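Below sits a lone chain in structure tokens, taken as the form predicted alone.
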């Protein structure tokens, strides 16, 4: 391995990762590089391959749990910027902040992503997880994803079909994780289009409006997220989270009926092409983990990690929490839901630097 003073390409050693995540947790990256130009990626990847070095691509750090020991590899922080094109073919670089991009599109009266307002992170992370909220998924508007293909060692463009989007999943995180480094995303939005009102709370809010504006829907979505502590704001005590820690499980109708029988009440359910989607927060609360739950600290008093007081899906770092504490609480919740309802919960965040046996 090259000594630290000889590191090329702007690579730094032992860079803390906790400040680069919304949870504010985790140890350092052994090596770290900030990528501001797309053409730097091939050289950085070649260096990592020469060192037999694993590589992790960091966006906004909003869907990430970093191990306390850190990451024994190279972290590439994607800081590519730039937006060009019009509504029906607008391209945003992967490092553009997602919510600022949504705001820009809404200001131009381009419909298609207004209900995805307030989601933290960067544009490049949205196709990876196929982010979705309040009745919309980003896959509905994506035309193509530009990425560095680590296997073919070249830049490629993948259309919506090739990206294999599913519920909170895609080619990039499910079928071939780690193969592609997203550098830009092209969207097709609707100029002058009507906002999507598929989510029940939005429908109620705008029931008397003849034609809700995209701006009004965006502000309503952000208000809803704020009320659930799902809007990352520095001055909010519960903003140090990774957002929804568990995916809403998709089950069969028979499984949904079994859950209702065990709970003694019928859970909210939503029909999807894959099956019946149940709210993970509903399952978590009825498995014994109410909003605001905080396991006690070893010496007494409230622990440093717990659930948000406003939404049971958010695991919050209340100050000084470790990744081990977050993992322990997540494991307890997962096991309790499985024991109560026979439903496995899958985590949403990426677990970085953990051994396979330590992950959920």
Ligand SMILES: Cc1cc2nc3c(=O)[nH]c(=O)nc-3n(C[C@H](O)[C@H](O)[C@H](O)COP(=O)(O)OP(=O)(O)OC[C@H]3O[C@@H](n4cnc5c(N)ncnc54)[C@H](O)[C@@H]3O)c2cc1C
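Positions refer to the first chain, counted from 1. Note that the coordinates shown come from a computational prediction; the quantities given were computed from them, not determined experimentally.
There is also a form predicted in complex with this ligand; it is not shown, and the following applies to it.
Taking the partner from elsewhere, residue 112 is found to have every heavy atom lying beyond 4.5 Å of this ligand in the model of the complex.
For the chain shown alone, residue 222 is not a contact residue for this ligand in the model of the complex, no non-hydrogen atom being within 4.5 angstroms. Using a 4.5 angstroms limit between non-hydrogen atoms, residue 60 touches this ligand in the model of the complex. Taking the partner from elsewhere, residue 350 is found to have a heavy atom lying within 4.5 Å of this ligand in the model of the complex. For the candidate set 102, 284, 92, 230, a heavy atom within 4.5 Å of this ligand in the model of the complex is found for exactly one residue, namely 230. Site annotation in the model of the complex: the residue of 142, 181, 214, 75 reaching within 4.5 Å of this ligand with a heavy atom is 181. Comparing 265 to 273, 181 to 189, 155 to 163, 250 to 258 against this ligand in the model of the complex, the single stretch with non-hydrogen atoms within 4.5 angstroms of it is 181 to 189. For the stretch 94 to 124, the set of residues having any non-hydrogen atom within 4.5 angstroms of this ligand in the model of the complex comprises 94, 119, 120, 121, 122, 124, in sequence order.
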